[in-house]
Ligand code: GCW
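Here we start with a single chain on its own, the form predicted alone, put down as structure tokens.
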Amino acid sequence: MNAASYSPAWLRALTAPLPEGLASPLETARFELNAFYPADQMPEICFREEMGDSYRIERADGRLRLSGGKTGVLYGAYALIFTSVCGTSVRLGSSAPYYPLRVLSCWDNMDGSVERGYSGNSLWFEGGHVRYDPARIRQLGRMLAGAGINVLCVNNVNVHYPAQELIASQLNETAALAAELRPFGVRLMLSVDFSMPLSQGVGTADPLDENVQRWWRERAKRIWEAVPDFAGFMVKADSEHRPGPNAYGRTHAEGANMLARAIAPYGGKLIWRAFVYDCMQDWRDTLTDRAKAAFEIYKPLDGRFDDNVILQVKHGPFDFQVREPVSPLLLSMPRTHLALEVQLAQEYTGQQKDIYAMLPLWREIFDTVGKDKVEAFTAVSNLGRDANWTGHPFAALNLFAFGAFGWDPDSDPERVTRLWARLTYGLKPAEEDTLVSWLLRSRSIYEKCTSNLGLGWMVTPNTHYGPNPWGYEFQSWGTYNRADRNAVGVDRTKTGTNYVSQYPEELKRLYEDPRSCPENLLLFFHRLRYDCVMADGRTLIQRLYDDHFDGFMETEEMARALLSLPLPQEDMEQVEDRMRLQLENAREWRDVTNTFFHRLSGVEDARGRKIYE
């Protein structure tokens, strides 16, 4: 397939190939509008530099007028095009992104592989070098701008040695990639290895060492000379065997501030990941609770980070499980700039084989945390070289919606899903309703099939796909459910690990009482006997059985409904293949998980069904 023919799903109406040589978002906006609108309907474009990312649409003398800043004019152009494609009335007025940084974090390695990537190889790395098809990168820029995403961190946070060349011998190639994305308002960011000076002859990576500080200042100067609009660095330090400041007896604030000061003169931001915990835990230790780690490490550092440091916090205290409570760290650092991190790559949620629309999850997070607690929105990418970009055609919804929620965290999941469906497929109203309703239900269906009631980590180790209830139970990662013949779950109240005490009082009261704790988090916060009676009168063991039986049946219903839709042939072939895999997966989850609990508890299904067929 010619790279220019790759169509981002929600921009299929834009059939004009993007030309080489576009120099700015303003030029791109003019091209897109000229290619889409007849000459007599062409909106007037008014560039207003002071408007930045924002835009305004109004009518003047019977003609549409688009005013916008450097990138805002392009966002406004896509808003007008979307309106026309959907056949809806133009929304007059102003619009601006709520979060200035909407960061897509790509875990791409320079050999072309993608860690936790389920959509093919890297779009811009191959064989240890920066290699890409310029036409496809322009299509990528078009796709990201259409979704409102403005920062692309192109390399894996688990930085491997060759990636250091991106800011050394391959800096020119890095700059060329940045230039391809610049006309779409997408700025480049890189993950860096905290210990890099040590491998470059400095002899140490101690953040308080003047030679280390000087090395980073010199490196920053070279980067910004090559890429003037470079966004900054992302760092994973002292986490899962990655080097960091703790090796030198320094705090994370001291480590982050050293790097932040090197890039501050250029307006650079330092995104410092708060994903830090003891990954060498003894499973026999019932007092240490991995869920508590981030709060215990970072809460004492509140107010000690420099102004251009952004502490990136995963939405839950673990690692993108099927369901987790919100991370208490998001509610506990009022004097620190925070970024909310989500994962579009469905590492534990179906790996873009199974459908898991994330919008309801994000709505719950923002409703709990509040949109003002964080200042940036970041996501682990689900992109790759597959022809449809995201492996499963429906996984593109999560990428589109990430941009929508970064622009407006008050977004309604149904409205965003409907917009994506209309732009992507142009179905009849009843068909669109079918697609939208099942996508919005997909998260709850997947939860019933896999890890219900707040259970997590019941996956096959390493691959993280498919059921293995005890796969992580005796490993060092702190990933335990403590299931035995009588009970399951972890007591995280004051009689257990006391994790619940990290929350503000209102949430603490909600979670610590099993009578008020949301059922979908019940076994995350509480250890309960299998004969415990739930609110609806069922026992816990029966609820575990029922959810897995129901989840499989609902997956079958979803497959029938989605396969009845008149999708484009290339998408339908993918959907048929992925729904077959999802049905196989749901059946395996049902039978393995129910058999696991049946063998432990010895309790038969009250409805007389076979635990496995």
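From 1 onward, residues are counted along the sequence shown. Here the structure is a predicted model, which means the values were calculated and not measured.
The same protein has a further form, the form predicted together with the named molecule, not shown here; the description that follows concerns it.
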- Would you check whether the named molecule, in the model of the complex, lies within 4.5 angstroms of a non-hydrogen atom from each of Tyr356, Thr434 and Glu557? no
- Message: Only one of Tyr530, Trp107, Tyr465, Tyr503 gets a heavy atom within 4.5 Å of the named molecule in the model of the complex. Which one?
- Response: Trp107
- Query: in the model of the complex, which of the listed residues (Glu115, Glu165, Glu173, Asp513) lies with a heavy atom within 4.5 Å of the named molecule?
  - Reply: Glu115
- Answer for Asn158 alone: is it within 4.5 Å of the named molecule in the model of the complex, judged on heavy atom distances? yes
- Message: Please tell me whether any heavy atom belonging to Glu347 falls inside 4.5 Å of a heavy atom of the named molecule, as the geometry stands in the model of the complex.
- Response: yes
- If you check in the model of the complex, is Glu447 within 4.5 Å of the named molecule, heavy atoms only? no
- Message: Whether Glu218 contacts the named molecule in the model of the complex should be assessed with a 4.5 Å heavy atom distance threshold; does it?
- Response: no
- Query: Quick one: which of 300-308, 107-115, 539-547, 72-80 gets within 4.5 Å of the named molecule in the model of the complex, going by heavy atoms?
  - Reply: 107-115
- Task: Scan 270-284 and write down, in order along the chain, each residue with a heavy atom lying within 4.5 Å of the named molecule in the model of the complex.
- Result: Arg273, Phe275
